[in-house]
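Quick setup: one chain, the form predicted on its own, written in structure tokens, and binding and motion questions come after.
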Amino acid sequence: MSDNERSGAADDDLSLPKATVQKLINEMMPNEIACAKDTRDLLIDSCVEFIHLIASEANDICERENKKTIAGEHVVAALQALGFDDYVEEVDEVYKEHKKQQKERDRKSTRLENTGIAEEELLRQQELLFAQSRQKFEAQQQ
């Protein structure tokens, strides 16, 4: 079952943010060239259709592999299956970089690990702060 079927959203409801797409267009085009709004809207519709096509094929590949979650590998395989071989190498590089960044983010220590203080000491300090707070609260109540 697709996300559209689950959420009840029609394909007409799917879009990309116009301001973001306009910003991308402006960054890609030379300054002396303007892009009409209807051209931007056509580009948005084309992008949505392309995403839908790739996602649908990736979902089919995922289902054939008896998987429940579409992974990056499924998207790359979908590009290949649909004849977008020219994009596969770049998409694969971006995907690998994304995975690398995710690992680094996951590997980053939490604030607790960054303190350099043992967990027992942190718990002792926390209890001390709770006790001080209780004392202040009780003093205010009297």
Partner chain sequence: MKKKYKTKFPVARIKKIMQLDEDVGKVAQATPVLISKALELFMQSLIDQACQETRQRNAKRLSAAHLKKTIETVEQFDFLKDVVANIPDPIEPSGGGGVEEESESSKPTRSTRRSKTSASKAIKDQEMEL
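Residue numbers count along the first chain shown, from 1. Think of the rigid core as the biggest set of C-alphas that the two forms share within 1.5 Å after superposition. A quick note: this is a predicted structure, and the numbers were derived from the prediction, not measured.
Keep in mind that the form predicted together with the partner chain is missing from the display, and what follows is about it.
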Are any of the heavy atoms in R105 no more than 4.5 Å from a heavy atom of the partner chain in the predicted bound form?
-> yes
Consider T39 of the chain shown here, and say whether it contacts the partner chain in the predicted bound form, taking contact as heavy atoms within 4.5 Å.
-> yes
4.5 angstroms heavy atom contact with the partner chain in the predicted bound form for P30 | yes
Given that the partner is absent here, does T115 sit within 4.5 Å of the partner chain in the predicted bound form, heavy atoms only?
-> no
Sequence order please: the residues of 23-56 with a heavy atom within 4.5 Å of the partner chain in the predicted bound form.
-> K23, L24, I25, E27, M28, M29, P30, E32, I33, A34, C35, A36, D38, T39, L42, L43, D45, S46, C47, V48, E49, F50, I51, H52, L53, I54, A55, S56
Cα of N66 displaced 2 Å or more between this form and the one not shown, core superposed?
-> no
L42: Cα shift of 2 Å or greater between this form and the one not shown (core-aligned) = no
So, does I51 move by 2 Å or more at the CA between this form and the one not shown, with the core held fixed?
-> no
